[in-house]
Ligand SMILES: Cc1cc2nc3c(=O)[nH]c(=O)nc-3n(C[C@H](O)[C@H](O)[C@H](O)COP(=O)(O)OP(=O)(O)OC[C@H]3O[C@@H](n4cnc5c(N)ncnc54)[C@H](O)[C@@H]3O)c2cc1C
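Let's start with one chain on its own, the form predicted alone, as structure tokens.
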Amino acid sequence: MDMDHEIIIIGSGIGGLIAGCYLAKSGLNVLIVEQHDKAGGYCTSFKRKGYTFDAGVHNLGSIDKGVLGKILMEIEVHQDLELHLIDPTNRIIMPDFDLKIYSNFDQTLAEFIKVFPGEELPIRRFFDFILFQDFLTVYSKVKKMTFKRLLDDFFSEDAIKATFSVLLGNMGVSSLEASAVAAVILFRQYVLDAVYYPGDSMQAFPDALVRKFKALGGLIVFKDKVIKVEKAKPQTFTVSTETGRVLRCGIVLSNSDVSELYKEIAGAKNKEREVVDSLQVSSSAFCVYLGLKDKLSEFTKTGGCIAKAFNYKMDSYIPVPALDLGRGDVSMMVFSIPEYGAIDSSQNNKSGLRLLVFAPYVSEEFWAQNKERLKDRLLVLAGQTISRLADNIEFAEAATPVTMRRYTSNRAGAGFGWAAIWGQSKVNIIPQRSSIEGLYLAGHWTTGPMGQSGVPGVSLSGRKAAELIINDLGKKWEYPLIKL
């Protein structure tokens, strides 16, 4: 049976795009099939009434010191991507203090010591341990810990532990459950590295990857969804789509929700089918996108991302419990302000602002009943944080976890795939090489010690998937010299 493509990739999230670039760069015939009308998954942007908003991801880290920058160099995308430094990278507003995270670690360390002068020695010991100790030494000590347990070993004050817990919004899991290993990697690779904003919107990043993929000979189709993958014979898959395409290939790489993949899409029996229902997904989000009449810089002078906690109940930050949301009781919210990355993403002197609360999926009925009330509540809270904000709102549009589910097909609208909790941060639960021969995985629906820490994590998974495929095909992996 002749094949239409050597490899078909399901989904154009960042993991799929990264893998596609490596595979096409190796001379393979690769097709990406994407259900949306644009590439990027959560790393996309959209327009409303003259405003541009980032749907999910609000910045790119792990570029100067971490894996993402090295990957972009390997696939030669770094030259085609305009990056703007954001500094400070984060601002954390707690009930009794205000703290900033900077691109320069020494500044960040000084900031923590200034805010918590009585904790200087534990702060220095903590950062030395998570950042500068040999990783195998760190891993051996924390591999069975939650991040909360690790914090307890260094600090006594709830306030500083809550501050570090706020930053786990970058992996969508509470510190009480998060794997300490995954959290340490998050801080090493992302939180304490420089942060950048691509071009004039987050969409510039996946668009650059698509351009590179096409230049390398790859093909991509949009507005079509893979609905069936069947093993036609030992070395061939038949891939069927909603629009009636029936495609043949030798290898399938899925960058989509594996619950749907293993239970509905993959035609063959597989052992993963029995596992996926038992796993916990990461938090979803409730977002409010605001169009403002005037530039936001006239109302606030702050960093590119603000996380505001209204109490020290760190167990209710990520996600905010459904019962609390129904009452409008929010423990933490995030403000995403892209134009503070030394760029101007506004049009006609206007600004866009996103408000975000980490939230559970619950049900369609829950969000139908609570969507508008919670939107109004977030507007009130935002107005208390940013002066004169209420008078400058031109329009407000909300998106619930149900919305996230609709646009990404992610189970429960999960923002980071599987929750990076201790029991799930293992390679062999949902491995990248499937039990179905020729089927591989990329993205945040695979499991591993690193957890699912946003763009750097899924990018690394895409690189690893490409390496597995190339090695299994008997080809030479061309990138052994850069240690990730």
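Position 1 is the first residue in the sequence shown; the rest follow in order. Note that the coordinates shown come from a computational prediction; the quantities given were computed from them, not determined experimentally.
The same protein has a further form, the form predicted together with the ligand, not shown here; the description that follows concerns it.
None of Ser259, Ser165, Thr408, Ser351 but one reaches within 4.5 angstroms of the ligand in the predicted bound form through a heavy atom, and that residue is Thr408.
Although the partner is absent here, Val226 sits close enough that one of its heavy atoms falls within 4.5 Å of the ligand in the predicted bound form. The closest heavy atom approach of Val455 to the ligand in the predicted bound form falls within 4.5 Å. Within this chain, Val57 lines the site of the ligand in the predicted bound form, having a heavy atom no more than 4.5 Å away. In the predicted bound form, Tyr42 approaches the ligand with a heavy atom inside 4.5 Å.
With the partner left out here, the ligand still marks one of 364 to 372, 408 to 416, 71 to 79, 271 to 279 in the predicted bound form; by a 4.5 Å heavy atom cut-off that stretch is 408 to 416.
Residues are counted as partner-facing when one of their heavy atoms sits within 4.5 Å of the ligand in the predicted bound form; in 188 to 215 only Tyr190 qualifies.
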